[in-house]
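The chain below stands alone and is given as structure tokens, in the form predicted on its own.
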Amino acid sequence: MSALAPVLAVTGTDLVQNLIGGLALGSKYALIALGFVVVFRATGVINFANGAFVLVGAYMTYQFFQTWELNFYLSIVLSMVFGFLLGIVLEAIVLRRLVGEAPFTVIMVTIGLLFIIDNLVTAVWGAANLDLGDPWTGSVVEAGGIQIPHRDLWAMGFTGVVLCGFLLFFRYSSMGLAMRATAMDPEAALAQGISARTVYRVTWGIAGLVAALAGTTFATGTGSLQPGLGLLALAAFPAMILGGMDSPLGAVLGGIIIGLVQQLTQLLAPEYMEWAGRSPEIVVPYVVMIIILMVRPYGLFGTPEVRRV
């Protein structure tokens, strides 16, 4: 009996509750990972400035909704439009000048943009935590003793809609096809009349648009809007690695897996993982990332790099 006692410490209700929480958290990570994927897919660059897009998007939703008192859903749309324009402006002013430079140089520039924009956000809105004031806080759906917050349902719904939009966009739109062609062979794409400059600009715009939505989903809840929100992009980075750096579907599945692993670790660690130290759920996504890089460097759904020798 003594051996079974720890097993009984977690009830079925706790497990289901945390699985649903993991799906919701993973959906939010997936939105951030999609922002990473869309830029990498078209340009081959890992965009660490994606965290800045997440941060600015959340604060702009706050600005439209709380400060200017617009409708909440309209505020989300406007913050996404702002994120799209921000991505285009940064590409035109900063990143366009780095075309042809080594990927390491571009990556370092994106890291610099992350910290610069983070500081600007603090200068405009302050360092204190703010309430986004979303209409979902406190609202839950109850079924069989399980409580599902409305904001989690919305986050999962947003992710599903965005994923479908990505798949349709890359499959059927001329710009999506141009992005795929530019990613596979930039010189051949240029020979076919595809403007790499336009492709890169739209790519960064889409990354800003999706990141603004991701930031809003993370900022819902009391006091959840804070300057450190941009660092969540680093927490979502393992999701992109796990799913595959050029796969939108992989980004979503990777985000959901990371969210589930993190949530279950938080549930089980106090009983079964005391040896792992405090808050192992914070580092477990990076453990998963290291393992996947060791056994499958291109991720679960990424494109393997083929080298001829």
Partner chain sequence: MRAVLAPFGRGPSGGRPSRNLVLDYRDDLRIFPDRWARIGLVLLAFLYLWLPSQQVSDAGLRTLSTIGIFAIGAIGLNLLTGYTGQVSLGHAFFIGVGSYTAAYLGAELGWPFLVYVPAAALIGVGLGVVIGPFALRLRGHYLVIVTLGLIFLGRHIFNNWTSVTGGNRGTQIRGADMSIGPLDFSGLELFGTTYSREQSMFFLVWALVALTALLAKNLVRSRMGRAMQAVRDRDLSAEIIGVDLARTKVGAFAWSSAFACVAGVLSALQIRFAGADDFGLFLSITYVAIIIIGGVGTIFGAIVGSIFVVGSEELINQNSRSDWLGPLVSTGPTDAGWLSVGELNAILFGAFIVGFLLFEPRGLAALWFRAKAWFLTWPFSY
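Numbering follows the first chain given and starts at 1. What you are looking at is a predicted structure, and each value in this text was computed from that prediction instead of being measured.
There is another form of the same protein, the form predicted together with the partner chain; it is not shown, and what comes next is about it.
Shown alone here, residue 240 lies within 4.5 Å of the partner chain in the predicted bound form, counting heavy atoms only. Contact annotation: residue 10 falls outside 4.5 Å of the partner chain in the predicted bound form, judged by heavy atom distances. Contact between residue 279 and the partner chain in the predicted bound form is found at the 4.5 Å heavy atom cutoff. At a distance threshold of 4.5 angstroms between non-hydrogen atoms, residue 157 is out of contact with the partner chain in the predicted bound form. Contact with the partner chain in the predicted bound form, defined as a heavy atom within 4.5 Å, holds for exactly one of 245, 56, 253, 39, namely 245. Taking a 4.5 Å heavy atom cutoff to the partner chain in the predicted bound form, the contact residue among 165, 145, 135, 103 is 103.
Proximity to the partner chain in the predicted bound form, taken as heavy atoms within 4.5 Å, picks out 121-129 from the listed stretches 121-129, 194-202, 217-225, 149-157. For the three residues 98, 115 and 297, a heavy atom within 4.5 Å of the partner chain turns up in the predicted bound form in every case. Residues 276, 277, 278, 279, 280, 283, 286, 287, 289, 290, 293 are the ones in 260-293 with at least one heavy atom within 4.5 Å of the partner chain in the predicted bound form, listed in sequence order.
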